[in-house]
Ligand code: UN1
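Here we start with a single chain on its own, the form predicted on its own, put down as structure tokens.
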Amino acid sequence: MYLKPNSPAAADAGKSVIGFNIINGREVEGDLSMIESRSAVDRRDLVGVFPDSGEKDVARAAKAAAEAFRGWSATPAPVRGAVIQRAGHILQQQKERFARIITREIGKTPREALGEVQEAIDTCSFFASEGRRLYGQTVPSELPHKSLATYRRPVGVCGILAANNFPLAVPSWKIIPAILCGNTVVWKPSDDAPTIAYLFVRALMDAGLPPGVVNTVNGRGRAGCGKHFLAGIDKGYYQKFSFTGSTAVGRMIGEACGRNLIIPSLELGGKNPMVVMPDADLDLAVQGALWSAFGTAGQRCTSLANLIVHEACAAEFKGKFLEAVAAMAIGNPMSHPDVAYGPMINVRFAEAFRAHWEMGRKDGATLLSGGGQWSEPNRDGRVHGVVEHGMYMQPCVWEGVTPAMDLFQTEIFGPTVNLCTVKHFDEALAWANGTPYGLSSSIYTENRHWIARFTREIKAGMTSINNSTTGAEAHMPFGGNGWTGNGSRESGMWVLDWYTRWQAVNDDASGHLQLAQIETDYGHARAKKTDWASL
């Protein structure tokens, strides 16, 4: 790792990291040019410089992972867990430094960035102990002198591709359980956040991870390294592929994996509902909605999209919510760490967010707040710090949105939320289930009957009662249904099923061939016959 001074305009942000691909435990340059990782907070801040990798780089990384698999898969699982535990300790020791890089690269507030590092620490903590709990089962046989048992076996080389909005936490959800189970990894980090990825792998290496177990190839997306990385599915580079990102790309990956009989893990988009009923604590619901809709500038797959409010409390809730939005501090998270949210991660996200303004107008929805990008000329008292060198968007609140509108159905990354009014609980539940997505959901109510029905009938993979749509814990399953993915789950013990294959072992010590189902004696020969008719 090499460091160089930043530009004079961004010197206070920190130094620039000169990074590399990591292949077979060595830092190597790529076959192509270099890419710059510039801060979402301030584009003058050069956070890092990394290789723009090509086809040969991907092939080298896949070969290194395949060669490392034999030794790593044979390493006892408790020993693999100990490496992960040490990595977690390093993350804990360097938590502030990791969080600062996350804030610089993608614009998260320091509070959220610290939470993301903690999520990776928690993931290491949980799976370190799973190294002593990769349980199989012993099963009684129907034949004598015969033992039956099941074992979890690693799958092989795992291709890992994750989104830019959680550049440390989400990859850790994938990489840590994958290597704990004995697999090896080829990872293409987001080109928006290569620096935090590089430091994460350095932490794994410092923890004693053998060469070739985790390999990285940096570069651009579908037009660059990403294209070659995905082509590796058809080339047989991977025995497992895990992806977090858009539904459109997830479909392409699912098709490629299907051709090769690989079971992918697909965590895709969301259009997450929150229902607010008349008996709810409205102040608490406002807090939950504000955080769900605008945390990380709305750039979470679990961000609140459709805020479904019962007509009996709609006017009061609307007033409280708009007042809270108007009071929300927004701006530069490097100079003002207490802002509610910062910039969009990249220009592409900002352009897609702008496009949704016209979508809403065509739908006939009413824009109650937002509809522009903050700049020096239009800033007001809510805006803090320098915002002219990043994509800082005003918080949007739409009213009069119904399931018939594109605004209701289309996933939109950015600080925006739809206010929807319903007449009764059944309508609220129908609208909550009224999109093809099924990731996260929330309801605010004290009515136990409504709570029971909502948790039972909502199609989302995750549901919160009197809490936000966002937030995950390392020991709970994360994932959704419908257009949100293929039913795979991250985190907790459930993810182990996606990074292992079951092996059934039949150990016969009888000394002769025994045939199940054919030679099995279920006691028929010794059965007595009772004269039941004589009773």
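Just so we're clear, the structure is a prediction, and the values are computed from it rather than from any experiment. Residue numbers here begin at 1 and follow the sequence given.
Form predicted in complex with the ligand: not shown, discussed below.
Shown without its partner, this chain lists 35, 59, 66, 472 as candidates; in the predicted bound form, only 472 has a non-hydrogen atom within 4.5 angstroms of the ligand.
Proximity to the ligand in the predicted bound form, defined as a heavy atom within 4.5 Å, holds among 418, 265, 184, 165 only for 165.
Using a 4.5 angstroms heavy atom cutoff to the ligand in the predicted bound form, none of 271, 431 and 458 count as contacting. Checking 73-81, 294-302, 388-396, 215-223 against the ligand in the predicted bound form, the stretch whose residues place heavy atoms within 4.5 Å of it is 294-302. Interface membership of residue 124, defined by any non-hydrogen atom within 4.5 Å of the ligand in the predicted bound form, is ruled out.
Although the partner is absent here, residue 170 sits close enough that one of its heavy atoms falls within 4.5 Å of the ligand in the predicted bound form. When the ligand is considered in the predicted bound form, residue 130 lies well away from it, no heavy atom lying within 4.5 Å. In the predicted bound form, residue 119 approaches the ligand with a heavy atom inside 4.5 Å.
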